[in-house]
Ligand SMILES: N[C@@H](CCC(=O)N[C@@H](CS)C(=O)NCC(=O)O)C(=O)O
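Single chain ahead, by itself, as structure tokens, in the form predicted on its own.
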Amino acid sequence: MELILYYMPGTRAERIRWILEELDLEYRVETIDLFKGEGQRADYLAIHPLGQLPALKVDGEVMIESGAIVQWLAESVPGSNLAPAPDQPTRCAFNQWMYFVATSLEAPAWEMMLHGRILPDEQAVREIIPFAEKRYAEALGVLENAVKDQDYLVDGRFSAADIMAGYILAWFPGQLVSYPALQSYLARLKQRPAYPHAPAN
């Protein structure tokens, strides 16, 4: 299987890099610098029509959307052990946390990031941030309860759902001060050899 990851450090492409490393798969990295406008190049728009990251080319076919790519890899690589089979009892929890992260956790986190750090002052809407922080704190509370008595989200075993969650939690470590179980959870994730600490070459 030939894999090409379109990547920039700090983007959701980190999720794909993380799971590729967990699965010990060979892949090539093509760096796309969004801040230099490379996402809007015609050749890249032919790969990702929104000019965003990540994109993963699999034997010439392109996938976009980090959650979909993470789940597909977890389910498609034999022996991955990163996703319960559809007939397993833990599949319900796995699906729940995959979608919870992509909606309830990531949506307010992205608003906080976008309007607090990324957009210039003339475009940022600072009034959004307090409400987003409230929604994010509510989602953190749910996750805190999920990991207070187990190491990982799904039956206490590491899965693709932890890759989805860990990437977002690392955005705002200061927000975890009131959540000791999440602090320990994120520390465990960062200790994994495949965790993307350094930029890919």
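We number the residues from 1 along the sequence you see. As the structure is a prediction and not an experimental result, all values here were calculated from the model.
The form predicted in complex with the named molecule exists for this protein as well; it is not shown, and the discussion that follows is about that form.
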If you check Thr31, Gln150, Gln52, Gln175 against the named molecule in the model of the complex, which one has a heavy atom within 4.5 Å? Gln52
Identify which of Glu65, Glu144, Glu133, Asp155 has a heavy atom within 4.5 Å of the named molecule in the model of the complex; exactly one of them does. Glu65
Region of this chain that lies against the named molecule in the model of the complex, out of 22-30, 135-143, 53-61, 155-163 [heavy atom, 4.5 Å]: 53-61
If we define contact as a non-hydrogen atom of the residue within 4.5 angstroms of the partner, is Arg12 a contact of the named molecule in the model of the complex? yes
